[in-house]
Structure formats: C-alpha cells, structure tokens
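Only one chain is given next, in structure tokens, and it is the form predicted alone.
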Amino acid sequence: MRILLVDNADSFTRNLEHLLLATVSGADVGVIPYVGLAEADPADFDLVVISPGPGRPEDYPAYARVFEVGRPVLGVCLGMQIINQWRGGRTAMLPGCIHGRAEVIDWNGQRRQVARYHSLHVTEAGRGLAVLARNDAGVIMALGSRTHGLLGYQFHPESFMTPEGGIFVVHALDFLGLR
C-alpha cells in the first residue's frame, strides 16, 4: 500500500510514519513537507495521511487539491480539523490547552487510552461527517465519512501515551475501505 504522509512541521510526524510502517503490512510510506504538497500527486497513493501540526486549519489551503482527488484521507489532530474545515465544519479554541495528557475515551463500545495534544477542537462537524467518538467532557475525538473516504482522529495514535495505537490505524484502514 502506498501512503503519502504530509508533514505539517510537527514533531510527531516521524512517530506517525513509524506507526504506519509497523502496522500496515507492506506499506510504502512517503513523507513530504506541506510546502512540497503542490509537487506531489495524491492520485499516486492509496491513502493520504495529514499529520498534526501548529496553527489553524485555514492556514493549510493546499489540502483542497488532496480532497478533490478523492483518495482516502486520514487526519490526525490538526489533520482531523483540516478535514472538518474542508467539509464546512467549525473549529474553536479549546478551553485550556491539552498538551500531553493520557485520557480514556469510548471507542467502538470499549474504553481505550489515547494521548491528547491540542489547543483547538471541532465544535461542529462538517457536511456528511459523523462523530465517531467523544471524550467524557463531550469533545469530539473522532469523526469521518465512509462515503467520502475521510477519517479524523483528534488524539495521537502515534504517541507513547496511546499504548495500542496500531488499533486505530487498523480501524482507519477498515473504515476507509482499504482492507
């Protein structure tokens, strides 16, 4: 499987690359910086992964081209917010920043520990996106659309504080119809 991982200048990007390589059998992961996105052809890949990163979703307008190609997209943290913004959803400041906190969320009928690092959060899901998980305070932790091939995680499956991060990658492959 060819995976394009777009790096939004985030220190977690290489951890995300390693998680993808460890979880997806036979994965060929190409990592490019966001500034190089204009030179890549998303149609050449089976999956596009949008990394975490600084700033707000509107700071990354080049992703419109990725979405228009129609390849499955997984977004992590800022990546989820970018997916949501593209579908017309809203993002706002989170009351109090969460940078490096393990938390247990409801996930497919189970309680799973995940890592949170974010100061923004989705306050309104975009067109056609279903909220798939929230934390106990009601903050959206995952959203997506099978129809549109989009999935976002607000938490970081690649963090050491998400002890079973591979489960979320496998879920993404299933959700996006890649397994």
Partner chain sequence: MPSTFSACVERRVFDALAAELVRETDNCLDQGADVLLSVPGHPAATTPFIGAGRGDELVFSAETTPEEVREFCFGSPGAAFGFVSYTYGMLLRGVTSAKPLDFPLGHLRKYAATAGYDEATGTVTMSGEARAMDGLRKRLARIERNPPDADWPLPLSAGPQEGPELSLPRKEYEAGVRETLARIRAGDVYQLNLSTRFRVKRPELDPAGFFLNLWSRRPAPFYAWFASGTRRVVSTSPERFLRVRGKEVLSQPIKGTLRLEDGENAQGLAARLTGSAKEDAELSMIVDLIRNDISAHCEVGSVRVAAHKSVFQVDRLLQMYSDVSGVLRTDRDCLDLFFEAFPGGSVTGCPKASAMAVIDQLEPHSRGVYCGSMLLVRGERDMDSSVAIRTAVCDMQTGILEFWAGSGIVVDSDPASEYQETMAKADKFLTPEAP
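Positions refer to the first chain, counted from 1. If you're wondering where the values come from, they're calculated on a predicted model, not measured in any experiment.
What comes next is about the form predicted together with the partner chain, which does not appear here.
Is G26 near the partner chain? Define near as a heavy atom within 4.5 Å, in the predicted complex. Heavy-atom contact with the partner chain at 4.5 Å: absent for G26.
Using the partner position in the predicted complex, report whether L21 sits within 4.5 Å of the partner chain, counting heavy atoms only. Contact check for L21: yes, within 4.5 Å of the partner chain in the predicted complex.
Heavy atom to heavy atom, is R101 within 4.5 Å of the partner chain in the predicted complex? Flag for R101 set to yes.
The partner chain contact in the predicted complex: G55, any heavy atom under 4.5 Å: Because a heavy atom of G55 falls inside 4.5 Å of the partner chain in the predicted complex, the answer is yes.
Let me test this: is every residue among Y63, Q85 and V131 within 4.5 Å of the partner chain in the predicted complex, going by heavy atom positions? Heavy-atom distance to the partner chain in the predicted complex: none of the three under 4.5 Å.
Among the candidates F67, Y117, F45, Y34, the residue which, in the predicted complex, approaches the partner chain to within 4.5 Å (heavy atoms): Result of the distance check: Y117.
Only counting heavy atoms and a 4.5 Å limit, does any residue of 147 to 179 reach the partner chain in the predicted complex, and if so which ones? Those in contact are E158, S159, F160, M161.
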